[in-house]
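Coming up is one lone chain in structure tokens, specifically the form predicted on its own.
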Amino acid sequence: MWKVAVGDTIALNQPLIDIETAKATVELPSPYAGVVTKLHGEVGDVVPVGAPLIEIEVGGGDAAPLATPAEPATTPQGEGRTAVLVGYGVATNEGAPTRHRRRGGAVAPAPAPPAPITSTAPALAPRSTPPVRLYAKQHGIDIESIQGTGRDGLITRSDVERVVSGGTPRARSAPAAPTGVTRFVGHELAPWESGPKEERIPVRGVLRSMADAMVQSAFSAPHAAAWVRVDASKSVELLSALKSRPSMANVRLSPLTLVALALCDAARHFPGINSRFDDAAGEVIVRRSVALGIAADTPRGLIVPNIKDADTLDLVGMADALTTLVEKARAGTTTPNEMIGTTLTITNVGPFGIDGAMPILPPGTSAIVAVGQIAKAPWVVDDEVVVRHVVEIAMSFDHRCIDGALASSVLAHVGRFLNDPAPALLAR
């Protein structure tokens, strides 16, 4: 979606457009200040990487074409200007880098500074970074209402966090978020009463990637499933005790942390679960390094980034890795490298109040574990019915290489780990 139009006067780092890839939506800031002279492409168009995206008239009257982000550009963009890596830009207009061309040993003079922005120009967006703007949007905060405390008035994440927590007054009241709005396949849907009778959503970006992957998996791998209910009371008690320790104050521990450790521990005991079926080669590949995929619900839809070498992490390392993974997924900053090479996957439906699920395998993997909510339930202990914290763990697996015996052994191992995690953690 374009945020500028032809004829607009724009500032350095002003948002130009939202670009949707197969993995995330990226807000592209302008590396130049000047006037927009041409836009290449309409909303919904597929633009090849490196093709011209927008042309900007910078100081001296030259038009600087800006290409879609890929590698840092090395060709001059307008007389005396050198393209920069999109998303970083330069600190100020006065400090903009220039390219000097030698003609007979002489150095060409630096270009004239861009013309000042007149009072008739459209209002410019407040200076910030794309992740901070997205973070504000996710919390229903109008970023224009925030007074920045960073350099030259830059709005930082801390500024937004203070507004979210109520610690800093806003410059002016932000509009209230619309009520009844829900998200579906990465799009906001209007309430039932006020929305259109029929709405069509283009299948592209994250939605297209998810749809293609699920169809490929469903029709190429014969799925089978197994599940187990576990008394996770000791896991709940351990997490509560650890969270009360001052040394763990900055560590975000959750039941998912223990489930991730349990699944990695099971893979070390039963390496076959960390395998994939290579149909083309007629081989089953067993991998002895776990790239643990975590299904993440983001504003753009479902994505599954992974934690490399997750089997080497301890409790704190796993907690920190999960925190980083989720924050980057929600901010739209997950890198392509973090989306490839998954060997085992966890999908956590517990936060939605769901007891269990039977997920579809991500392509290239042979097992995925679904974790339900941990809830109090009647449980038999020493022939007496008591109240315990119970969770259901389910596994879908590729029956071409993983049979019921292996899947059951892995689930039982995960169950024993969650039933009494302390010994397993001390044994690492």
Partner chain sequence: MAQMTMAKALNEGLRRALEDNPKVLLMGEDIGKLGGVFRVTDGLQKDFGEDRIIDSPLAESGIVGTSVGLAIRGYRPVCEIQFDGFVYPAFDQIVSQVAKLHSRSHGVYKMALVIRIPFGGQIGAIEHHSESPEGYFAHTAGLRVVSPTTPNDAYWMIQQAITHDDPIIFCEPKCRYWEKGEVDLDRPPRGLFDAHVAREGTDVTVIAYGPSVRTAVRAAEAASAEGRSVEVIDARSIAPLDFPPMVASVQKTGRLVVVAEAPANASVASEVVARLTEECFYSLRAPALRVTGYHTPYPPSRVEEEYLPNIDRILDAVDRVMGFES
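What we label the rigid core is the largest C-alpha set whose atoms superpose within 1.5 Å from one form to the other. As the structure is a prediction and not an experimental result, all values here were calculated from the model. Positions refer to the first chain, counted from 1.
Keep in mind that the form predicted together with the partner chain is missing from the display, and what follows is about it.
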Taking 4.5 angstroms as the heavy atom distance cut-off, pick the stretch from 154 to 162, 235 to 243, 343 to 351, 330 to 338 that is near the partner chain in the predicted complex. 154 to 162
Within a 4.5 Å heavy atom cut-off, is residue 130 in contact with the partner chain in the predicted complex? yes
If you check in the predicted complex, is residue 271 within 4.5 Å of the partner chain, heavy atoms only? no
Residue 134 near the partner chain in the predicted complex, any heavy atom under 4.5 Å? yes
Partner contact for residue 317 in the predicted complex: the partner chain, 4.5 angstroms, heavy atom: no
Checking residue 138 here: with the core superposed, does its CA move 2 Å or more between this form and the one not shown? yes
Working note: in the predicted complex the C-alpha atoms of residue 331 and residue 154, off by 3 Å or more, come closer
Kindly indicate if, in the predicted complex, the C-alpha atoms of residue 133 and residue 296 are closer or farther apart than in the structure shown, bearing in mind the change is 3 Å or more. farther
